[in-house]
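Only one chain comes next, encoded as structure tokens, the form predicted on its own.
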Amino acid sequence: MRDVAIVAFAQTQHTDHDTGATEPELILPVINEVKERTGLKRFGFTCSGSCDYLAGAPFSFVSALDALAAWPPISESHVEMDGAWALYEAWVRLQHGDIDSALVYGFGKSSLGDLRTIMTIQLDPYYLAPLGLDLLSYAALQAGAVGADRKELDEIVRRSRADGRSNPYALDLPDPDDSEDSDGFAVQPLKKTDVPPITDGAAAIVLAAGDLARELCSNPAYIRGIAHRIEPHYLGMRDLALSASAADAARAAGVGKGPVEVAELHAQFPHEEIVLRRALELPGDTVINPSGGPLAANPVMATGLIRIGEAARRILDGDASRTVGHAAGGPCLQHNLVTVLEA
């Protein structure tokens, strides 16, 4: 395997409303930022992650290419998934050996539509979608299966929002005890404060292989393990209190082969953090989501990529030597990707 590292990461200052920026306008600043940090103007490969249903238009990612200056022609690909899976594709492409750099980005504007309705489209159209289950309904089913103590869940939300307020890119959300939604339920047992905020945003990462990584960055975050696993689509075939796919992906990526100083988990609800901590078998001293995580900013289709970027940033800045970035997709943590990063 070739050594591949994250050498630059950038994200937008996320908002909870539509600022009027088009998707190319949303993406362009982060693309320019990673170009400036690396000094690269062009890349061997480019891959993005987004969702046409969020944009309300087919092949919306094509218009986003306006932010890339795609002339002369570039080698480009797209995944209709979180940008974390675009990073996986780019990592695989770099293993071919004929290119040394890749640009990865993800973006989404959740403010333009009803996210609960939009995410229902990913369900099986014959058996699950007609039941009327939506994003919060099946999350509530999983929360009930986990059966976590309410105090533990509240503390996760409180910590996430506090960390988010210290993160200049996340939303400025109040302490859940001070929120007007603190006592109301979204779908029992999920409180309104358990639900991730509607967020618009984008993020970009540059990958470099071999000697180029050291040339572009003094302290690259090397990808020492990366894997993704998926579980059956039907909720009734899974133990929702566990995440077998996250556990399998963690073992394949080698999470347990060393200490984990920081773990950025794609936990959109507080009970998902509990499930993921157990699945990844994270040590008790691992710092979880110091960025605030998805409970502080959740730009759908970029949230997972941001988790990997935030984990890498701790290494790029010299604050950690071994971190983990996690991304998830599908209902109730159906599909999980785990990345192990080392200095």
Partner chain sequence: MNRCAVIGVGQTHYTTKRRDVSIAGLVREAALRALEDAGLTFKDIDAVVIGKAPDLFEGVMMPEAYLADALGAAGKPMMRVHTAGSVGGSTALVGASLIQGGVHDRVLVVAFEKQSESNATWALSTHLPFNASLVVGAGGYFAPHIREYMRRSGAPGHIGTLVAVKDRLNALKNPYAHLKIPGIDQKMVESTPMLWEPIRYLETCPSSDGACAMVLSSESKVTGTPAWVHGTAMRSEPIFRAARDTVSPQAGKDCAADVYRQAGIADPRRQIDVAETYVPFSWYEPMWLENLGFAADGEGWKLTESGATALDGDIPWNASGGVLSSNPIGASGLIRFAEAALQVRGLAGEHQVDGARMALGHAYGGGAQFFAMWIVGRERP
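It should be emphasised that the depicted structure is a prediction, and the values quoted were computed from it without experimental measurement. Numbering follows the first chain given and starts at 1.
Not on display, but discussed next: the form predicted in complex with its partner chain.
- Between 27 to 35, 312 to 320, 271 to 279, 46 to 54, the stretch whose residues reach within 4.5 angstroms of its partner chain in the predicted bound form through a non-hydrogen atom is 46 to 54.
- Contact annotation for the candidate site: Ser77, Ile121 and His228 all lie close to its partner chain in the predicted bound form (heavy atom within 4.5 Å).
- Residue contact check for Thr15: none of its heavy atoms lie within 4.5 Å of its partner chain in the predicted bound form.
- In the predicted bound form, its partner chain lies farther than 4.5 Å from every heavy atom of Ala186.
- Although the partner is absent here, Trp91 lies within 4.5 Å of its partner chain in the predicted bound form, judged by heavy atoms.
- In the predicted bound form, its partner chain sits within 4.5 Å of a heavy atom belonging to Pro125.
- Only one of the listed residues (His233, Arg214, Lys257, Lys192) places a non-hydrogen atom within 4.5 angstroms of its partner chain in the predicted bound form, and that residue is His233.
- Put simply, of Ser137, Asn219, Ser166, Gln95 only one has a heavy atom within 4.5 Å of its partner chain in the predicted bound form, and it is Gln95.
- Taking its partner chain as it sits in the predicted bound form, the stretch 17 to 31 comes within 4.5 angstroms of it through a non-hydrogen atom at Thr22, Glu23.
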